[in-house]
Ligand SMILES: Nc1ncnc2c1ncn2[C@@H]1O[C@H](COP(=O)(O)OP(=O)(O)O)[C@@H](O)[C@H]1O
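Just one chain is shown here, as C-alpha cells, and it is the form predicted alone.
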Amino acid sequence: MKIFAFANQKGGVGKTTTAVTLADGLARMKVKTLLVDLDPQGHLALSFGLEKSPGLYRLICLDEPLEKVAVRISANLDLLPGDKQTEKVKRQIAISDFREAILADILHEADYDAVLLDMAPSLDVLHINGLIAADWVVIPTRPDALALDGVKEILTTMAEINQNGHRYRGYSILPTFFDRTTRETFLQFQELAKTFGEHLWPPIPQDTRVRETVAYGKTLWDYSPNSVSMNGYKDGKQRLGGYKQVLARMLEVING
C-alpha cells in the first residue's frame, strides 16, 4: 500500500479537486483506493454529491472501525469523510500519547492499495499526522510566487519530519491552474523545472469545467472526461499535462 498526502500550506491551489480526480482515476484502474478528508471544511463529500459527515471523528475519537465509517463511492473507491467535527479530532490527538503517529498506525493496517489524504492548508497536529503517515507527498501549486512560497513551507516541514526519523519514498510538485497564454505562468513553470527537476509532474491546465463538477456532484471522469484539465494541451500529435498523465505517474509510484 502507498499513502499519498496532498499538501500545500497555502489554500486555493486545487488540492481537493486533485485528490478527488486522482482517487477516482485510480479506482477506475482497479486500484483499491481510500480517500481521506483531513480538512474540517469537509469538501470531499460534496465533490461526490454527498452530505458532509464526521467519519474521521468517529474513527479517531469514537474508535469505530474504518470499515464501518468509510463510505463506498464505487467498487474500488471508499471515502472517509469529514466535517466541522474534525476540529475535535485535532484536540483529541493533541492530548494523546504517540500523537504524531495516530493516523499512520490506523491507515497502515487498512486493506487498500492506495490511500489519498486531502490535507487542510493549516499546519497543526492533524496536518503533521498526515505527513508522517504519507509515503509520498504531492504538492499542488499555482504557478505564482505566493503559492510557491507554500511549497517551500511544506518542504521545510517535511525536512524537519525527516530529521525525526520518518523517511519519504518521494515527493512531487504538481503545477495547477496552468495557463499557457500567460507569460508569468511559463516563467514560473521554468523556474519549477530548474529547481525541482524530476520531482516536477505534468501541469494541470486551467479549466472552467473543474469548478462546475462540484455543482453537479460528479468527478471530472464523469462530468468532462475529454476536458483540457484531463487530457492536457494538444501539442502537435502529443498532449502536455492533464490529470490522465499525472495518474500515470501515480501508478508508477504505486507499482514501483
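All residue numbers refer to positions in the sequence shown, first residue = 1. For clarity, every value in this text was computed on a predicted model and none was experimentally measured.
Separately, the form predicted in complex with this ligand exists; it is not shown, and the next lines address it.
Proximity to this ligand in the model of the complex, taken as a non-hydrogen atom within 4.5 angstroms, holds for one residue of P205, P202, P40, P54, which is P205. Contact with this ligand in the model of the complex holds for none of H108, W136 and G256, as no heavy atom of theirs lies within 4.5 Å. Comparing 64-72, 206-214, 189-197, 25-33 against this ligand in the model of the complex, the single stretch with non-hydrogen atoms within 4.5 angstroms of it is 206-214. Taking the partner from elsewhere, G232 is found to have every heavy atom lying beyond 4.5 Å of this ligand in the model of the complex.
With a 4.5 Å cutoff on heavy atoms, G14 counts as touching this ligand in the model of the complex. Mapping the unseen interface onto this chain, F177 counts among the residues with a heavy atom inside 4.5 Å of this ligand in the model of the complex.
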